[in-house]
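Shown here is one chain on its own, the form predicted on its own, set out as structure tokens.
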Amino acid sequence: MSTVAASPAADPAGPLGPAALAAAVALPPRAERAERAEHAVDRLRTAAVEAVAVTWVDNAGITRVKAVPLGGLAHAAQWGVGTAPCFDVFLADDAITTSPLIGGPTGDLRLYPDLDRIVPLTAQPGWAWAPGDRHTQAGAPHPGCQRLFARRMEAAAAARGLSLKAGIEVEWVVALAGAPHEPPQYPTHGPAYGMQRLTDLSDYLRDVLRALGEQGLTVLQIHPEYSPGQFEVSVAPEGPVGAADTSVLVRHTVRAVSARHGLRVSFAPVVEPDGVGNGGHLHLSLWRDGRNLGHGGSGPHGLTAEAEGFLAGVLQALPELLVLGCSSPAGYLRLVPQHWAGAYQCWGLENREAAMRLVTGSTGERAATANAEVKCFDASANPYLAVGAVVAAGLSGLEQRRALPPEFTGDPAAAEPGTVPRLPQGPAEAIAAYERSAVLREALGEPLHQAVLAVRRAEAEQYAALGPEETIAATRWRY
């Protein structure tokens, strides 16, 4: 899919050696954590917070939680909250598998709230939320912690003098409350992208916007999407770990606001058979010294050589990246041609059928807005794994000075058969590509790499005998 101008050995850690990588994910000194926790408690008490939900996302893409009363936050910040390592091999339906290095009933970890991200939850009065990092009881980073993996990859980019801005679009389907086994009944039947749909649910959408804003997020846009009852919200970009955190917070907020309106939501890849599902498109741009490297260069559409190499690395790795960005077997029911899902391994300027869409932005603001969109990801993904793996693949492409293949314009489904590679059409193909990827194995580390592989294999086997409707029904309300 891409050419290589030179081929030094790819090293996702680059000049950031093992000791420096460990420092990038190390816990601050306990005394510092205690002092910061005291300030956090004072602020949260003023906001009438009584408890803090500390979350992590497992390898099946399910957000798990441990909560502490506000009076216990300082202790949690200093000593962590107990959580079992077997959560790394949970499946989406709460079944448990095992992997060579993680699994079984033995052992314990400590979950530490990120004090910099604690936020009172507008739609859940008395509650606050914080993402958590998992460490061993001795204080060492847990090698299976997905958020720490994303932090390592962000640090690897920083060691090269690079930073990234990222954002994950959140799409969801809102339905009337009902039994878990029932298909959705919609509170609006307005047309796709139509004002009627917004009018029908204007109070609900206003409350979503209000909650996100009060929680410190900058909403760029909110609008009805294509499928019945479907909406999308986009927020301002931030660093890779911050973007993954915000994706978790946005989804949690939408779910909480929906519950207060007597509604339920699904972020699942597919909600209705043959429908256009919920994506989790990842936007990202590469920066150096305050300059957007996706603009002002001599490459295609103004890409600099560094940005082109980075994006070429991502494009080349998309088959294996699907294991991390399209986690559920249901995701492959969304990843079909002519649904704007990005089913083909190609790129193009503003091409919504390409797996990688280049977005230059409007004339006059391109230096600030130029970015690339990875369209083949969905919300079954663990966002920390998705962003971290994309950074790893991009850094590998940059190190190898890859070049993008020729741009594809138009609909790749209409091209001569065999002209444009199709991305994996099921879990087995993606898993095989993932197992071959030395870049992802090195970046993730063996414990996390093997745990992800075990979960994907187990879920692929679990759904192998199910038809599309059964697969959709089994996953519709899990995400």
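Residue positions are given as counts along the sequence shown, with the first one as 1. Since the model is a prediction, treat every value here as computed from it, not as a measurement.
As for the form predicted in complex with glutamic acid (GLU), it is not shown, yet the points below apply to it.
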**Request:** Identify which of H295, K165, R110, R334 has a heavy atom within 4.5 Å of glutamic acid (GLU) in the predicted complex; exactly one of them does.
**Result:** R334
**Request:** Find the only residue in R210, H339, H301, R366 having a heavy atom within 4.5 Å of glutamic acid (GLU) in the predicted complex.
**Result:** H339
**Request:** Evaluate Q230 for contact with glutamic acid (GLU) in the predicted complex, applying a 4.5 angstroms cut-off between non-hydrogen atoms, and reply yes or no.
**Result:** yes
**Prompt:** Is N278 close enough to glutamic acid (GLU) in the predicted complex to count, meaning some heavy atom within 4.5 Å?
**Reply:** yes
**Message:** Is K375 near glutamic acid (GLU)? Define near as a heavy atom within 4.5 Å, in the predicted complex.
**Reply:** yes
**Asked** Any of the heavy atoms of D114 lying within 4.5 Å of glutamic acid (GLU) in the predicted complex?
**Response** no
**Prompt:** Residues in which of 308 to 316, 230 to 238, 178 to 186, 74 to 82 have heavy atoms within 4.5 Å of glutamic acid (GLU) in the predicted complex?
**Reply:** 230 to 238
